[in-house]
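What follows is one chain in structure tokens, specifically the form predicted alone.
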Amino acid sequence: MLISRRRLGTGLVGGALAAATRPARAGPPASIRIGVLHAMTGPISVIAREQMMGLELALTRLGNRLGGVPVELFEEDARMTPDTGLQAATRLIEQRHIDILVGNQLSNQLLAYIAPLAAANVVVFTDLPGPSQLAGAGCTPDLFVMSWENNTNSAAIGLAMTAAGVKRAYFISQNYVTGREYVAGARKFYHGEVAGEAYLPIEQTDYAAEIAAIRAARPDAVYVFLPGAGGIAFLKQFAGAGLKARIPLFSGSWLADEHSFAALGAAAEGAHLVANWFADLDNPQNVEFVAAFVAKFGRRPVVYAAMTYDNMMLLDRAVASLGGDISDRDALRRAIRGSDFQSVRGPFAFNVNQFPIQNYYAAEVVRSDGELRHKVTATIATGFKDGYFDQCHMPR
């Protein structure tokens, strides 16, 4: 492993966040100090591990350098609450004087620490959460979102349902803010009738009553937002009830991927999924990325690895364009916005709010050579933008 990684302790740092990191420096630094903030323990740690796989692959391929400058990584466990996330960010700022922050999984944590990081002149990337508050009037030049605004995935799923000719759809989701927002995003772009909807406790894994309600409603399709164990249980029970062959399921790629294929088996086959990236996308950057990932880790990557890999490749190009000198953070931000890197997802650009402009793709879960995989079937949206960018008026 070529990457210099240092894990901080979990003791708290007292006092207010520092207003700056290290003294200003001119010319290329001895190293670029990158903080990696992840929920490394808890129910979403699998996402953190996937992101780290994407980061490690990128830096290994770049010789542990960005734009020719050596990289130091400092990992912190944000755990699962805004407070623990803020404490972790504080340690990265005050103890490690990071230049750049990457990773992140939870919107409520990002909202808690984005302002202190900006005050410390840290350039922040998020490879997963994209809260709408930061896409619109609350946008900031200190944040770059490599993934999506939280509603755009489901908006693209709604487009896919409409394109597939779904006339009556049933919506089922976990009952918390993100789940309801995802359903709202899908319904905004789905132009058919709502046959029914259900919002369920996050911990629920028995869906007999809901499957009976779906059977009685006789919809053309079902929209599903049940991440994690709930999604696995639902797909298996839906298939066991004999509905899989009769009623198509629509969701994001998280419903059935390399993290859950082994548990799902045949229950995953035929699911209609939508995302900004799939392993089977046919462009040179993605073919190279997937082949390298398989060679290193023994399986195809999941979307979280792809977003973090993109993050590091973009940074490499931006830092190189500055000759390795990142002392002027405004110049670094301009270089990031103008980077000519080639994304594994295909066309990519930052909008005025520094959220992505990107394509969305439809795929079906199929069995090929005895293995489950995503077969890309269509481009659902080209140059898709979130619904909040026109409320952003940040200085550039």
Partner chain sequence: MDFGLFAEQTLNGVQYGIMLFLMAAGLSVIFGIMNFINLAHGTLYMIGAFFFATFDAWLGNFAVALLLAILASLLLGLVLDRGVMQRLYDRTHLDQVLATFGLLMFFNELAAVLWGTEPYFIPVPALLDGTIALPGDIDYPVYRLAITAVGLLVALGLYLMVEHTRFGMLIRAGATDRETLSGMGVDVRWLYSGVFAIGVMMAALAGMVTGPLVAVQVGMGETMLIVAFVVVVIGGIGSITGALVSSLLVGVVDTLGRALLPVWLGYTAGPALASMSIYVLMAAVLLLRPQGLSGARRA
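Positions refer to the first chain, counted from 1. Predicted model only: the values in this text are computed from it and were never measured.
Beyond what is shown, the protein has a form predicted in complex with its partner chain; the following relates to that form.
This chain is displayed alone, yet in the predicted complex one of T178, Q204, T140, Q285 has a heavy atom within 4.5 Å of its partner chain; that residue is Q204.
The single contact residue among A209, A163, A115, A295, judged by any heavy atom lying within 4.5 Å of its partner chain in the predicted complex, is A209.
A residue is said to contact a partner when one of its heavy atoms sits within 4.5 Å of a partner heavy atom; G240 meets this definition for its partner chain in the predicted complex. Among residues of the shown chain, A169 is not one whose heavy atoms approach its partner chain to within 4.5 Å in the predicted complex.
Contact check for G196: a heavy atom falls within 4.5 Å of its partner chain in the predicted complex. Its partner chain in the predicted complex comes within 4.5 Å of a heavy atom belonging to R49.
Contact here is defined as any heavy atom lying within 4.5 Å of its partner chain in the predicted complex, and by that definition not a single one of L226, A245 and I247 is a contact residue.
Contact annotation: its partner chain lies within 4.5 Å of heavy atoms from the stretch 258-266 in the predicted complex, the single such stretch among 258-266, 118-126, 86-94, 153-161.
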